[in-house]
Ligand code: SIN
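Here you get one chain, nothing else, as structure tokens; it is the form predicted alone.
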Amino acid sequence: MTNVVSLPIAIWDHPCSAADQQHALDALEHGSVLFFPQLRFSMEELEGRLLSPTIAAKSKNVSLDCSSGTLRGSSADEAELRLLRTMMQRFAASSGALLSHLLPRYKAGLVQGRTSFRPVEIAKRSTSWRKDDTRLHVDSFPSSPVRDKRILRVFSNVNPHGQSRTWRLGESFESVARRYLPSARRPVWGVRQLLRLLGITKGRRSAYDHFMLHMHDRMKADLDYQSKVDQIVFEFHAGSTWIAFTDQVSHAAMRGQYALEQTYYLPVTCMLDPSQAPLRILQRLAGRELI
């Protein structure tokens, strides 16, 4: 079962002792969620205008590429877009400060991905089963292969009405892998190269990416598994923040509105214990390299 480890950090650039860093690193790499019940992302007064689901147009999220400043998923006017971009850039900087103080071992290898703002109520979204995040899954991105990297995400609940963000947390990654890896077929020769050439994937999809996508889809499609597997429900209250390797933590977002999220990618070789990475676990179970 996934554990939730609570840490008493209340500011984003909180100085962390070596013992605190080691505790967080061990918990995170062994599949726990790091929870910061007092770590609030404070929004500016004018940013209250952004707390509406209409800010996301027809998308479930607004995404920002901090390197280029490109915003996607919003049809807001120019003034609101500037406000939205500034807020999301500030969250990206805040999450970076948190990680540099709490997880300095990762600093040299971390690659910043997209920042997202999630103003739409999860429970009311209509979507396909494959995109339904209310079903337990481990993260794998169909168009963005990670190959030898981890997916590390920082979330913060900014709901102004005190509503929690409700997650289900399931079994360990190795348990998921032992359940679904035996039914996975090997990648068909040439398909991964074709996907890259056609621009369907951003780079070559590795065998590891192939098997992770298989497990992601099998988990979501298996309704018996969704209802019967050992799991807990956890409430991330408004004004709290949490971190997880979402390629490892079996999770489902059930309810909640208004959250910010920052994605990072981390090379497996930067981990304290690379044997805990999904890549290494799948290679051990498959008995071969998957890069």
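Only a predicted model underlies this, so the values are computations on that prediction, with no experimental measurement involved. Sequential numbering from 1, following the sequence displayed.
Although not depicted, the form predicted together with the ligand is the subject of the following passage.
Comment: the ligand is not present in this chain, but in the model of the complex one of 174, 133, 80, 121 has a heavy atom within 4.5 Å of it, namely 133. Note on the partner interface in the model of the complex: the residue among 238, 39, 253, 266 having a heavy atom within 4.5 angstroms of the ligand is 253. In the model of the complex, the ligand sits within 4.5 Å of a heavy atom of residue 153. The ligand is not shown here, and in the model of the complex it never comes within 4.5 Å of any heavy atom of residue 211. Using a 4.5 Å cutoff between non-hydrogen atoms, residue 205 does not count as a contact of the ligand in the model of the complex. Proximity of residue 91 to the ligand in the model of the complex: non-hydrogen atoms within 4.5 Å are absent; the residue sits far from the partner. Contact with the ligand, judged by heavy atoms within 4.5 Å in the model of the complex, is confined among 72-80, 100-108, 186-194, 163-171 to 163-171.
Contacts to the ligand in the model of the complex (heavy atom within 4.5 Å) from stretch 132-148: 133, 137, 139.
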